[in-house]
Every structure is written in structure tokens, then in C-alpha cells.
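Quick heads-up: it's one chain on its own, the form predicted alone, in C-alpha cells.
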């Protein structure tokens, strides 16, 4: 028997399409909530159905405009708490500010922790998210956190392409663990690009490749692609080291600051992303493939509601 009464899924304005796809997977109608801004730029939220003692899931990736969507989620949580929801799960497919998870310079914030504190203070009972930039962000919360991964979905897509002589490439040392897991799933070798970040302006310099990539098809793995600077530099570096074709996989397609155009103009064969973030039609091009994580999130929501193991979803 479920620990809480009827399951209800509501969406903010960040990615209503993903929330609807989750509801379709679960076979339930989307929850009725009114979210908008007044003329003075203040956000208003009202649940237009009874959620007293319900198991409420609020779907809202922290997409552009990031700060607006974070604030919207906080207000939705507060509204649900004041409406006596039985449990409130914040479903955050993309957790922004994940890169700011430590003090790596003097007098800087740890914004990922600040966001965690705000979500908890607002009244979230638990968090459901995907592929955090740094796994230790889970420890910033004093409430349960379920972190899903799109790696099996991405690996299955690459497997279905039946590529030959493949090497998985980590775009930097920080991506090595995720890339190693992908290499293990594909049963292929791993290489790592040594990278140095230049200041705070999203510029990076690729230095050299650790591992054998010459004459191979490279599959790069990242948790997110933002401006595309690291990705394009990595493509150029791998070309210098003699790879024949280059593919890329990432969970979160942020694609800011002209990234989609840079990808289209590059020699990258294809980049596979998921729909944890909405990707505007203007950013899509033939080199960008989008896979849906709605079934993954829907199954996790079903398991949380029913008191089943979420981790069992990823067991062999």
C-alpha cells in the first residue's frame, strides 16, 4: 500500500512538455496549477485542486531564466506546504549552479549548497534529480535525494548505432568516472583529455590526450554541454590525435551562447542529449539528437510513491 494518498504531478513553466510526458507514462492527468507573473514581476502560484494529504511531485528543471525558475519552484513548494500536501517531492531534472559546489577561489559562494538550503526551508520533503554535476551535492541536503542517471539510456543509443573500433573519451579528469562507466557498458577502452580552464569566462584549453585514440571512433561523455567551448576544443584536440569520427553524449543540453551553431559548424558527427531541459526549435539542428527521460522520471516517481526501490532501476 502507498505510504501517501493519491499521486499528483504538477509542473511549473520551465518544461511543461516533460511534465506532461511523465504524466502520460504514469497514466494520470497533469495536475491543475496556475503559475504566472503579475505586472510587477512577482510570481503567483495557486493549486486549483485539492492536494490535502496527497503525494505531490513538482516538476521544474532550473532552465533559462534560471533564477526565475528557481524562485518559481520555491513558491510552488510553499504553496503546496500551506495547502497541507502529505509529501512534496521537488523533481529537478537539471540542477543549476551545480558547478558552484565548492570554494575554488577566495571570497566566492557555494551556490549549490545555498539552493539546497532554500529548497529545504521552503518545505520540500525530498528531491528527485538527474546527473548532478558533482555527486557530493546530495550531501548538501538534509532530506532524501534520489539522483537518476541517463547513462544507460545514452549507452543504449550508442550501442544501437553498432559503431566499430570505439573509444570513450572523457573531456576532462572530472568527467573520468562517468566516462569510465560508459566505457564499461560499451566494453571499449577509455581515454582522457587533459584540460585547463582559463578564469571565469567559460574558456578552456585542451592540452593533450591520455590514451590511444588514433584511428578510432571517439565517443565523448559529459554531464552537460553549456557554451560548447570544452566540446569544440575537445573535438579539435581529438582530430589532431587522429580519430576518424567523433560523437558526444551528455545528459543536459544547456546549449547557451551560440553553442548549437558552433556544434553545427564543427566536425562533430552527432551529439546526443536528453530532454531534462527544453531545447528551443531554433537551437535544434541535424547534429543534435534528443532522447526523452520521461519514462525514467515517471518510473522513479511511481517507485517513490509506492515505497519501492529507486536504485533497483539501475541494477543489472
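For clarity, every value in this text was computed on a predicted model and none was experimentally measured. Positions refer to the first chain, counted from 1.
The form predicted in complex with another copy of the chain exists for this protein as well; it is not shown, and the discussion that follows is about that form.
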Here the chain appears without its partner; judged in the model of the complex, the stretch of 284 to 292, 271 to 279, 63 to 71, 244 to 252 with heavy atoms within 4.5 Å of another copy of the chain is 63 to 71
Though only this chain appears here, would residue 265 touch another copy of the chain in the model of the complex if you measure heavy atom gaps against 4.5 Å?
no
With heavy atoms only and a cut-off of 4.5 Å, decide whether residue 135 touches another copy of the chain in the model of the complex.
yes
Using a 4.5 angstroms cut-off on non-hydrogen atoms, would residue 109 count as touching another copy of the chain in the model of the complex?
yes
Indicate whether another copy of the chain has at least one heavy atom within 4.5 Å of a heavy atom of residue 144 in the model of the complex.
yes
Across 100 to 128, the residues having a non-hydrogen atom within 4.5 Å of another copy of the chain in the model of the complex turn out to be 100, 101, 102, 103, 105, 106, 107, 108, 109, 110, 111, 113, 114, 115, 117, 118, 121, 122, 126
